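For reference, the chain that follows is the form predicted on its own, supplied as structure tokens.
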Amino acid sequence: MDSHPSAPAWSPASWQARRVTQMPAYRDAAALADALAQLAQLPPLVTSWEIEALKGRLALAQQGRAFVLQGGDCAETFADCTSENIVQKLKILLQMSVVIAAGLKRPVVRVGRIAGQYAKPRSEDMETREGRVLPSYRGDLVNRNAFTAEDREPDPALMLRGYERAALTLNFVRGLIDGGFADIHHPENWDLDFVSHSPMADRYREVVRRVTDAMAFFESVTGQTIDDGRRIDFYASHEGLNLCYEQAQTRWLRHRSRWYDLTTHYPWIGARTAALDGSHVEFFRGVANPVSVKIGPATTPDELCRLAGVLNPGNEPGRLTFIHRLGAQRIDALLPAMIRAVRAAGAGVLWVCDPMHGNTEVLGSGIKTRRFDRILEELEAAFRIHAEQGSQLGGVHLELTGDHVTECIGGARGLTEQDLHRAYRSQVDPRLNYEQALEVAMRIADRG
């Protein structure tokens, strides 16, 4: 694909001259400037060598030589920053990854929606309750959920609180991994007590038994240890929504001669902020991180090609991911043309399926949910369509939790609408629970 010779000069602040959407209106300019000045002086949350290592792994997935598992909460809250919550998230992603790796016989790139997923886009800037109108809750990075004028006022200091929670989370995850928590030789570390009798857990343990038996056989015969099984790489991602926060931790690294957004390894641009002339595309075109774009039904094949030209003009492997979220009922009509157009443009991208967002519905009771059979249907269709088009589905992007929630209908226990009230804890979108997430992993593994 040709480079983009007419691209205007870029700086970390050039997004401010573009059409700005989904950004909070901070009324206290002095408080905003003070918070951003503090953020700019704090140590980075991630490093450039971690980012470049991830980009190399994403390039392998783009070639069909690895598979990306990206998952976590729809929206993190500051209150979720506890050791128990972090461990639960890490456990389910580790369990899913070993199932997928064993089935596909490919390495799995583990990416959490973690340590920064504190901001959420909203359909409306304002929310009305009983005749009272206040700013919408945009996540803990921006304002507070309680429906009062004080809580809903965007507070720049929350960006500092978000940085602190992200740092604590990443520090704990790194400590767990370095300490051997992710060692496949000891998968008992990952057990979740409340699902000990689940049929999904039984099948999972059988997969792990086969993997560990094979490793033990190899090590006993060769007298060598499989060190790659003792430690994993784990990467953080979040939607790069609040560009003030992203800009404050974006730095020019002289030894690489590139700008890096050091708030996370793998930011993504949401479907609501993917306009070519918008502030978010402008910001992320200038950083060296691998970047994803969420692709919805309204995105045209031509727009995809133009996005590729702006965000990855040099066609760098592993740099650009398109995450399609089209819905089970529309994926067959929309995805083939997208794949063909991107190929015809000569754009090298990693394709990932998000089977969650396109299948969201609001029930008559007002509860937002997703039907598990439609999630599986879209995922299966994505694998099939990419194969038919001579393309490669290189990963999956899921909203999930290791908790025993009841937010999505269906799955191994056959959850119904009447079950939703039992453990519906998400403040924004419904997530897969442990059994549903593991069933998705089993379905992916069956493609091997």
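All values reported here derive from a predicted model rather than from experimental measurement. From 1 onward, residues are counted along the sequence shown.
Keep in mind the form predicted in complex with a small molecule is missing from the figure; the text below concerns it.
Screening 138-146, 119-127, 93-101, 301-309 for residues having heavy atoms within 4.5 Å of the small molecule in the model of the complex returns a single hit, 119-127.
The single contact residue among 203, 272, 256, 185, judged by any heavy atom lying within 4.5 Å of the small molecule in the model of the complex, is 272.
Note on contacts: among 152, 357, 374, 285, the single residue with a heavy atom within 4.5 Å of the small molecule in the model of the complex is 357. Heavy atoms of no residue among 59, 235 and 265 are located within 4.5 Å of the small molecule in the model of the complex. Taking the partner from elsewhere, residue 239 is found to have a heavy atom lying within 4.5 Å of the small molecule in the model of the complex. Using a 4.5 Å cutoff between non-hydrogen atoms, residue 113 counts as a contact of the small molecule in the model of the complex.
Within 4.5 Å of any heavy atom of the small molecule in the model of the complex lies no heavy atom of residue 407. Though the partner is left out of this view, residue 325 does reach within 4.5 Å of the small molecule in the model of the complex, counting heavy atoms only.
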